[in-house]
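Just the one chain here, laid out as structure tokens, in the form predicted on its own.
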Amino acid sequence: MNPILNLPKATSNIQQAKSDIDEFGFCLIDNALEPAVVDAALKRLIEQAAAEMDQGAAFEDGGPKQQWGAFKDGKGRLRQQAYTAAAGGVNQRVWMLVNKGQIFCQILFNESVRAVVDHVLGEDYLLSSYSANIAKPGGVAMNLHTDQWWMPHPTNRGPSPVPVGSITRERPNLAGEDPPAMIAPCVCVNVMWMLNDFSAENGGTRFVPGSHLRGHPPGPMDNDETVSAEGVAGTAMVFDGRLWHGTGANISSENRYGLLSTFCGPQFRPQENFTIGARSELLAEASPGLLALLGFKVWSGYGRVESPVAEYVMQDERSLGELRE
């Protein structure tokens, strides 16, 4: 049977969702967000995106000559002005949503979705990033990629083909072209929260089902058939960080609005630096659960400032420094 024809459907059965993400690398949770939550989040996102555009702070990507991930030019210099409409950007990203509306923080604690994330990542994990991706008409398909490209792959006892600090999206530490005998575990999970209906036409996320178990990222010669994430507003797509995926091309006449939260194991560096970037007014009211997601809870002695038995750190906490008797 063609697996493309037998893919998971949106479900409210969490056991089914867990089985789906194990087998296919993704699951769809039906009615993850209630209509009132969808409406509130969409309104706040549209307001924020418009204000960032007005203030010249918009981050725009997804154009024919400009793609997310090309942070440096041919000489290794950071491309500071690359992500603007003037440089060819079409879609709009809105970063660090924890600061941009209480509704976004509320969404992070959705019980159904977190049950699936718990299933994959275990008891402890961090929020790696929390952003919005507004796919606009004219936006092109993103290159297929994985979101845990930084995770070293299993290797033999000899020296690694690529040292850990030299791994990039295009340069994994894999030797040869044969499929690896063992693969890296899943250490990050994405959740795409659909704030309006997602379809193939309006840029629904493209992905290769089952690719999370291949043990390597997509290469330039990989041309597997992709499918598009489709669902009604309020659906959540939870997917394995090893799944080959990318934003789809929006060939419709309307914007596609999605929130993207990424969670990673507590051993890894998050994409967004919440311990610096989270606003003080947010932290003053933050629950212990939110503080843990943002990296303020010490994990097995990691993330501390001084004592390894401290439970939490504070944003303005500093080491004692040089002392004299």
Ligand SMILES: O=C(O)CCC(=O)C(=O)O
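Note that this is a predicted model, so its numbers are computed, not measured. So that there is no doubt, residue numbering starts at 1 and follows the sequence shown.
Omitted here: the form predicted together with the ligand. The next part is about that form.
In short, of 99-107, 157-165, 113-121, 241-249 it is 241-249 that has heavy atoms within 4.5 Å of the ligand in the predicted bound form. Residue contact with the ligand in the predicted bound form: Arg214 places no heavy atom within 4.5 Å of it. Looking at Ala49, you'd find every heavy atom of it more than 4.5 angstroms from the ligand in the predicted bound form. For Asn133, a non-hydrogen atom is located within 4.5 Å of the ligand in the predicted bound form, even though that partner is not displayed. Among residues of the shown chain, Arg93 is one whose heavy atoms approach the ligand to within 4.5 Å in the predicted bound form. Only one of Val298, Leu42, Leu290, Leu260 lies close to the ligand in the predicted bound form, with a heavy atom inside 4.5 Å, and it is Leu260. Think of it this way: in the predicted bound form, the ligand has a heavy atom of just one of Leu127, Met192, Val187, Leu195 within 4.5 Å, and the residue is Met192. Scanning 121-148 for heavy atoms within 4.5 Å of the ligand in the predicted bound form gives Asn133, Met142, His145, Asp147 in sequence order.
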